[in-house]
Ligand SMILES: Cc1ncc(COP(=O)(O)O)c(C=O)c1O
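Okay, so here's just one chain, in structure tokens, the form predicted alone.
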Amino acid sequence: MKIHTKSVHAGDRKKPPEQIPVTTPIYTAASYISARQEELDRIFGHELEGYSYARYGTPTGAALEELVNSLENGHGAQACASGMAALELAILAALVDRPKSILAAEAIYGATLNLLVRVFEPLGAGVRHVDIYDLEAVERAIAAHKPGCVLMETISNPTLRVGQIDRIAAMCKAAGAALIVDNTFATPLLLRPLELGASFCVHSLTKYLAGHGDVLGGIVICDEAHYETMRTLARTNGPALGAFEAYLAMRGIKTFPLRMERQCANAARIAAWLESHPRIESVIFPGQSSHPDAAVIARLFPPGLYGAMVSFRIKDAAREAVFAFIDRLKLVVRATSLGDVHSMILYPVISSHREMSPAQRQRLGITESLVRLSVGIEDADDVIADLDQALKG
């Protein structure tokens, strides 16, 4: 064999060793070889489990999908290149055999709103919004608009409201609609939407699941009724997550429950401290007895676990004052994300909800003085000390 041939073929395509690696390897191959064409034919025909082309699936991606599906107790999952790609896939799969009509919560992530307005509406889907925390309003909206799917977040971004997923799921089922729930803020440690009757559960893997700020990814988990449709769309659209990102996400998930428990505890302590601070006008945290959805939270969430997000309003603070407060922070990371091991702060008015009109933001309580804190795994005393010095100026 000549050197030019050796340089292309030597070392690859060896049979797997008898020893099993303790973690799933990073399979970066774009395509896969079958021993016989009959076997490849069966793989393409979905009669046999296997791999042919990375857009259809990879061993690393499949391992991640199996892992997250097990956490959410679903039927199957599809890992995607971002949380927004995952959400788009879920909506497409929900609407394939249903009316092209979407009923979405008013309180929702800004990028999700953009997806509905800039992608689905131009494609002919009707998009309407409802106060998802008013069950009578949801029931009326479903009856009036007959949506193909209903879209909500477990814990809303950034006002941290919590809807009655089980009861909304029952309404959707009665109306023949699919319920899609973005469970990024709650995570499967707090709540599993599919167990409550949702058809689809979506995560930004970037956030709590991967948890270290080094992965961009998303994932959809669904019930049996929608699984084949979702996978068929994914094979066609090609939103598949890369093998390296899938590997990193799997590595992060191994410590996810431990991290999330610590983050929840830290958030509860920091929220209580903020409530007593003279510079703070109001605090929003799902663990508060005064939270508008306290009864729902007590019914659906495990005791003592309320998530790791805290939103608060700085007293008499316009945009310039909020900028100054954030710029003074030394420990808390001033970056556009959440769910990392380090605490992070974000100003929704200029970032996550920038595209909303001022009137929309005001109606949802996203005021100029509101900031969103994602609490990490640091010592809570250190985070409190940093917030305190920044608030004092």
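This structure is a prediction, so every number in the text was calculated from the model and none was measured. Residue numbers run from 1 along the displayed sequence.
Missing here is the form predicted in complex with the ligand; even so, the following discussion is about that form.
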| item | value |
| --- | --- |
| Distance check, residue 159 to the ligand in the predicted bound form, heavy atom within 4.5 Å | no |
| Close approach of residue 207 to the ligand in the predicted bound form, 4.5 Å, heavy atom | yes |
| 4.5 angstroms heavy atom contact with the ligand in the predicted bound form for residue 266 | no |
| Close approach of residue 311 to the ligand in the predicted bound form, 4.5 Å, heavy atom | no |
| Proximity to the ligand in the predicted bound form (heavy atom, within 4.5 Å), stretch among 81-89, 282-290, 190-198, 253-261 | 81-89 |
| In the predicted bound form, the one of 321, 216, 127, 240 near the ligand [non-hydrogen atom within 4.5 angstroms] | 216 |
| Contacts with the ligand in the predicted bound form, stretch 242-266 (heavy atom within 4.5 Å) | none |
